[in-house]
Structure formats: structure tokens, C-alpha cells
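The chain that follows stands alone, in the form predicted alone, written as C-alpha cells.
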């Protein structure tokens, strides 16, 4: 970490650099790394009135890794940023930063370091690093000072413009700032005519709507490179874009409908239907009111998740649909919740208006909060059950501007809640069910078993995130909570103060059970370590060898993934064909948070699972359907060459 001065006064700004010195043959990446890798990131820890600018990236160079093209730096690079202070900043101050980056050769090594440097109070005086930092600042691309325009013709962009002394430049190359704009590995055609130039650039084969043609142009003059920055708005076909958005909203709506029959959601929603049966005895108005509140809970939850995902991704987080089940804390809390709900269904407990009463059936009361929170819970447990049509819609949503994302998630919520809106508006549709009676209590008790089955599934997900001891801790926590609930159920006192006193052990046991929840990942078990795990470098090496590769993006919390593996991926016929054709089978396991897998999913326009890629010996990969059967998979594997 370098600074132009070791002292400053309040209100000054300071140029700071991070110098990377690389061994021969190694490289690190630009802000857009190209076909592989990831640019460096800097997380600052500064006082509130001290601010840091974004990274000022010097112009990159092309680093070919056949058949891919990456953008970055070799030998040495200095990444700059500017520090701003206010008139009220207290100095001396220490600048603290955590830097993360990738260093790559035949393999890629993720690295990080914490660096700091003290700044004293006083006039700015030149440090030994000032000349180097100013020299690097001159390499940071400046705005294009000529005239230019960009057109999209067929499968290429054409950059045309006028620039002084353009005939002195031997070559020109455009580095796109964002993924999904151009094809990195294709050559760019450069032509000049007097003071004008033309650069033809192959467009990306992945269809991502880009509103601007933004990036850096490198001009080569006698081996001296000048970098200029361009940002040109792209004229898109609005009708086509609207059609795509409407199509994906329809897909999201259909996906929401399908979610209602997924195994992780069905137990909760079955109880809600029985609640409608009970409420229909009272009045149509009451049934409609509860249906609207349930739907409101669903829609608000989907919109809240959309807003959270958009905010986190804007902040640089690598996340996707179902990301909450990558957290041991969330998985443990959901495990507790399903155990508690199963206990409540099996017992006679009716807890006030709290969350634990969420889906219990009370034959004499109707709670508006219950209906709303049932909708919230249904959405929480629905996310791992990614239905057909949902994967592409949600993936598109998280890669698009916020307005489109909100529309797609709104369509998902409406599709999910529509059947319950219809049932609440037309209670007569429930006539196919028997009249309310003892069968409802029996059914309620029966639904405890799917709840506990869901709890077992969550425990299995947790076992792939933490060690056995921590799994036992969570099981102990569930035992303590159910013991507390049993004490509450056995309290038959008619005195209010006695009933409240008997709830105290439950609260203490519940608080202790929260303390038992693991908060971080543990080492993988041996069975997981023996699998061929995905890394970009491994895939790159196999592609260089012209190997056939099947890449399975999966996670233990992805129900669809596990069903596909059981009925198709891991059957004896498929395993034999994979072995006979010498296809390398790789799993990209997203059970735990992994920014590399998140980044790879985004490259294919996805932020959710499942995703199956079949790489032929040459050419682009085939994207297989999200729902697989053995016959479908065998046909793909048989034909791939």
C-alpha cells in the first residue's frame, strides 16, 4: 500500500495505490477479467468522514489462455484509489483496507491481505512513492476526446470515429467494461481512412441486454499504449425487449403456480386450505379477507427478497435464488421451525398470535396475522424448490435493472398466491372436501410427519455445511425447544400468572437453543473431498485437452437437483455411458456460498439451480433442460462428440 504523502490536513484528498509484483508467467485481472477470473476488490475500514473512491484501473492487456481470452496484468500493476477527507476529519488517521485478488498461471490462487498505513497531520509532502503513483495515474484511461459512434450490425458492433493523428496508431483493441457485450476470443478488425477509423467487434453470443457500449480502447503506437474510455448508449429494439420481459413474467407466473405442488411447500399450504374450509363456515367475507392477507404475505415476501437480492448484488455480493439456505444459521432456524410446527400439529397447543401459531388450526378463532405470516413462511421454504420456467426468469431478473427484476418477482408472487385467492373468493370450490369435523384434527396431526420430514432434509443440508458435533448441537436445541413446548402443553392451570410462569422455562430453553446454532462453515467430510469439484482452471485444462465434460451445478438444498440426480444423473445406465465415452463428470456444489460458482452461473444468465452444461470436444457447451429424465440425458450424452 503506497501513498503520495505521509501527511495531510482536513479537507485534503490523497492518492493511494496498491502495488502487486508478480513472478514471471503469473498474472492478475482487470475489473472485467474476460472469460475467466475475477478482478481485485478493496474493502475499506475508514472513519465515517473519510471516503474512498472506486478503484482507478490502469489499462489492461490481453492474456490469452487458449481457447479463452482474459484481461489483466502481468509483471507489475498498481491499482489506485483516492481518499477524501472533510474539514472536520480528525487527523492523524489510519487507512485500513482488506484486499482480495486472484493470481493465476496454470492454476488460479485466490489471495487476500489486510494492509494499513498511518497518515499524520501536516502539509502534504511528497513521499518516495509519489512519482510512481502519478505515473500510474497517467495510465488510467481518460475520456475519448474525438467523435465516435457505435452501431450493431448483425452479430458485430462497429465502432467508428475521428481521432487526431489516427494514422500513427498501428492497432486498436476494445476492452468491454461489462460481461455479455463482446466475444473476447474473436479478433477485432481495425481499419483507418485518413482521420477516421473503424473497429469491428464480434458481439457476445450470450444475449444480455446492455444499454451502453462501455469500455476502454487501447491504441498502439510503436509499442506505446494509450488508453481512452468510451461510453456510447445503445439503441435497442424496445418492442423486442418488452416481449422478452413479458415472456419471462409469464414464465415466472407459471413457475409460481407450479411451486404450490412442490414437496417443501405442500405441507404448509395443505394446512392453509383446511383453514379455508374452517373459515368458510363463518362468512364468505372472512374467507376472502384471510385469502387476501395470505396473498399479501406471499407477494410482499417475494418483493422483499427481490429488493434484498438487488441491494446485495449492487453491493458486490455473489448471491442467487435460494442463497439463504447457504447459511448454517438460516438452515438451523428453519429446522427448529419445522420441528416446532410438527409438534404443534401433533399436540393441542395454540400459541397466541406469534410465529409459532403460524399454521396451527384453531376451531374457534381466526387470526389475520396468522394468514399473513403463513404466506411469508411459504415463500421462505419455497425458494429451494426451483420449478420449471423459474430458473431462466429469476436468473434474468437478477441480471437486469431493478424495475424489471421487481416485475418478474411480482409475477412469481401472483402465480404462487393465485390458487388461494380463487379459493377464498369462491369457497364453494372447497365442496369436494368433507365438511369440517374431526377429520381436520386427524389431518392436522398427519401433516406433522411431512413437517418433520422437511426438518430431516434441512438437517441433511446442514450436515454438509458444518461438522457432526455442530449437527448434534442443533439436534439438542430442537430437543430443548420441544421439551419447553411439552411443559406448556401440560400446564392446565386456569390462573394466568401460573400459565405465564410455566412459559419461562420454554423461553430459557429457546434462548439456549439459539446459542447452540453454528454460525460458520466447517471442513468438508471425506466423501465430498473425494468428488471432482469444479474450478475454472480445471474446466479450462479439460477444454484444452478437447475432453468431453459434464458440469453439474447442484446444491443439497436444491430439491429439483436431487430429484434429477436420483432419476437420471446417477442411474446405472447414465454412469456406464459416461464411463464408456470417457466424459469427465464435475460437480459445482453451491451448498455453501461460493463466489466463483456464482460468477460462473451469471456467465450463463442464471442465478439459481439447477444448471447442466455438456461440453463437446470443441465448441460451445450445450445447456440441458432443468428437468431431466434418464432418456433425455442418455440422448444428449449419446450424441455429444
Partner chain sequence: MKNFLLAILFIFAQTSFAFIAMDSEAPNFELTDTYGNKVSLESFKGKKVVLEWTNHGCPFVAKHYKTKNMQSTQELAKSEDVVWLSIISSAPGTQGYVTNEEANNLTTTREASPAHVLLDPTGKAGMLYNAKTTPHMYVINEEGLLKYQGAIDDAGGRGFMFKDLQEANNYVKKAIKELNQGKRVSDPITKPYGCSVKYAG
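Positions refer to the first chain, counted from 1. Quick caveat, the model's predicted, so the values are computed rather than measured.
This next part talks about the form predicted in complex with its partner chain, which is not shown.
- Interface residue among 372, 73, 345, 102 relative to its partner chain in the predicted bound form, by the heavy atom within 4.5 Å criterion: 102.
- Of the candidates 614, 588, 36, 611, 36 is the one whose heavy atoms come within 4.5 Å of its partner chain in the predicted bound form; the others do not.
- The closest non-hydrogen atom of residue 53 lies beyond 4.5 Å of its partner chain in the predicted bound form.
- Although the partner is absent here, residue 595 is not a contact residue: none of its heavy atoms lies within 4.5 angstroms of its partner chain in the predicted bound form.
- Taking non-hydrogen atoms only, residue 43 approaches its partner chain to within 4.5 angstroms in the predicted bound form.
- Not displayed here, its partner chain is kept clear of residue 246 by more than 4.5 Å at the level of heavy atoms in the predicted bound form.
- Contact here is defined as any heavy atom lying within 4.5 Å of its partner chain in the predicted bound form, and by that definition each of 31, 98 and 112 is a contact residue.
- Only one segment in the set 185-193, 130-138, 561-569, 224-232 has residues whose heavy atoms sit within 4.5 Å of its partner chain in the predicted bound form; it is 185-193.
- Contacts to its partner chain in the predicted bound form (heavy atom within 4.5 Å) from stretch 54-76: 54, 57, 65, 66, 67, 68.
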